[in-house]
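We begin with a single chain expressed as structure tokens, specifically the form predicted alone.
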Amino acid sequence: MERIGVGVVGAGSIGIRAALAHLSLDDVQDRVHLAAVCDAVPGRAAAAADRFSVDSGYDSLDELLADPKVDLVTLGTPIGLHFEQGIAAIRAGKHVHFNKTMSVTAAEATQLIDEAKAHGVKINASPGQMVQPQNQAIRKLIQNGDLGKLAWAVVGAGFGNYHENEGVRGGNDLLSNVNPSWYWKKPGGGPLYDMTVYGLHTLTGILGPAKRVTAMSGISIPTREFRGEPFQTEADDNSFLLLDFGDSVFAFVYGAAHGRVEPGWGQPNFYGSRGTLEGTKLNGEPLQFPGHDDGLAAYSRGRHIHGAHLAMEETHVYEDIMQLIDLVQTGTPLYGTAEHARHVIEIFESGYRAAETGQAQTLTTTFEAVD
């Protein structure tokens, strides 16, 4: 099997914790090698290349894409840059892993999908929530009628101060003083694209595509601060969506300034005529699976998360990168498909439009749910 040269675009929080830290470990060197890293902050890519033994560090994306050792790129840049950078990488003949979300509009996502097909490269997008076996099991449980007639579900996330407290924020060198203010800027900022995206991928992966959306949305905290410097919140930080899945099945999906409802990260609650599934508890009892005495513990990870990776951060993103590498090297089908990501993006885009207009929006995209 020929090793794949990976180019990491962006040596910020996700580039360091999800790509460079994992892909520099010994256990993956038979399949991949870190060919290049780039970052627009002068000196940051060179510092990352030195720390993680990357072949080359560049200050621009163009330099990285011109490197013949780079076969595949993972985009760890702000969401608003993903479309432009993704198109450039695809046209350069590189396979592309998009961190969430792959774009900020469904039309952009469609163009990325079409361009990838035209140029003969593979793409995928985080978060590939359905690679997690517990979500596959929950989909089958609901399909089999264990909850009876499903009535509604809820999932979401609260922004809080999560990003300000990441380990790459509070230091004094180029790899530990990364400014997170873009998370509150347009385009691509706010908790929907950044945090709610996990739970919505899980929800739609389990139930399938939604049909309509309506919403309310606004800015709860107009001014924020990072390391003593104030900045304005431009993107909505408090958004609440109602989805229609058909057959009178509805879901409440939120991206809040603070707080959350359901007990598990990215795990929806489901309520039906014969029972409830809250996170991974069926009618209050932990889900159990034949042959696994520890219940969900053995089911909660993707197939590449083992050994030293288990104790590291952002394992789910590393899993998504490896899913694309599997597809390129062996043809193994993806769980985190670009079509699924496009549908989630359309829900967010249409949700904002519904909030602005006061009118429910009909969704037009679809995808094949994984069974």
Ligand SMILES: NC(=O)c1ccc[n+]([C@@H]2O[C@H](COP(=O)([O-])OP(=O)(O)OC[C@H]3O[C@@H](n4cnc5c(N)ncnc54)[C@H](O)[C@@H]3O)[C@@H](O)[C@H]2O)c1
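Everything quoted here is computed from the prediction, not taken from an experiment. Residue indices: 1-based, along the sequence shown.
What follows is about the form predicted together with the ligand, which we do not show.
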Are all three of G12, V178 and D194 close to the ligand in the model of the complex, meaning a heavy atom of each within 4.5 Å?
yes
Partner absent here, but in the model of the complex, which of 333-341, 310-318, 48-56, 28-36 has residues with a heavy atom within 4.5 Å of the ligand?
310-318
Contacting member of A157, I206, I90, I79, with respect to the ligand in the model of the complex [4.5 Å, heavy atom]:
I79
If you check D146, D244, E166, E234 against the ligand in the model of the complex, which one has a heavy atom within 4.5 Å?
E166
Since only the chain is shown here, I'm wondering whether N135 would be in contact with the ligand in the model of the complex (any heavy atom pair within 4.5 Å).
no
Is there a heavy atom of K100 no more than 4.5 Å from a heavy atom of the ligand in the model of the complex?
yes
At 4.5 Å between heavy atoms, is F83 in contact with the ligand in the model of the complex?
no
Look up in the model of the complex whether W182 has a non-hydrogen atom within 4.5 angstroms of the ligand, and give yes or no.
yes
